[in-house]
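Take a look at this single chain, the form predicted on its own, given in structure tokens.
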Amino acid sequence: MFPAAGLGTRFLPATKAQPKEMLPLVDKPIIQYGVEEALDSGIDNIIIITGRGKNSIEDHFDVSFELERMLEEKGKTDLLAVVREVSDMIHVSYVRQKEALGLGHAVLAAETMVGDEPFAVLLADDVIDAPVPVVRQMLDVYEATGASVVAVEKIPGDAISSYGVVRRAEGAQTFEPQQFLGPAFRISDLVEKPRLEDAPSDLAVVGRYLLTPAIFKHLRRVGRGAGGEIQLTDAMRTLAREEPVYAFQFQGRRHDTGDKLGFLQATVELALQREDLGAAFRQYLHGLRL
């Protein structure tokens, strides 16, 4: 599940007429990195929660007959393969979130499509470069525990106040990296955007969740919270009191592409990894007079 109904105001004016999720990192839109992560994790049924003005997301993952015909006629078989790969990679369904009432509301909007099955939620802003896709890492934890799993990472200093922060359950068993690619432990609570001195840990939730369908009843119960929105964090707090919820410290390098500096850093680092661009781009960067 990909919530993608936000307005992307931090990137105005670029997002005035195009979705933030379609801003390109090198030559792929942000959301495609997350979709490829899900696909590489063994998931090929995708739900994208959209809103007004998000039609280009649907177009991107759809077949483009005119473009494919033009590329085929001009013998551009390499580009044709790239275009077809995008439309062939997934089975995608769309749900319209008619009001921007928060992440929890977006997840709840897809309840009828998810049904009584566990599901993953990926926030496209968090592009994670990892040796094993993060969702695949989390699936290993879910398969061992049968419980909901949230991805967490250490956040230094005052920056912790921008995140939801987990509280480790007292006496909770820790699954060490010998079992998974990172440590995992049961949590008892989540605190949304605490002050540094009030934070229950230095581990913050980032944009990857594996959730049991029980989350839906908690989303219906919690009602509107901060900002008049239905908060996923609020529902997960009550879920953790009813059934186990695990935090998992994944292996990988996260880029917060919802932030302008993070977006620029991700563009540079991903470009440097490219076989077709890396060497020339690295030489260019070395030549800059900084």
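In case it trips you up, residue 1 is the first one in the sequence shown, and so on. Owing to the predicted nature of the structure, the values given are computational and were not obtained by experimental measurement.
Below, we turn to the form predicted together with a small molecule, even though it does not appear here.
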Could you tell me which of 93-101, 214-222, 67-75, 155-163 sits within 4.5 Å of the small molecule in the predicted complex, going by non-hydrogen atoms?
-> 93-101
The small molecule contact in the predicted complex: A106, any heavy atom under 4.5 Å = yes
Looking in the predicted complex, any heavy atom of L285 within 4.5 Å of the small molecule?
-> no
Partner contact for K16 in the predicted complex: the small molecule, 4.5 angstroms, heavy atom | no
V86, heavy atom within 4.5 angstroms of the small molecule in the predicted complex = no
Only one of V205, L123, A120, V191 has a non-hydrogen atom within 4.5 angstroms of the small molecule in the predicted complex; which is it?
-> L123
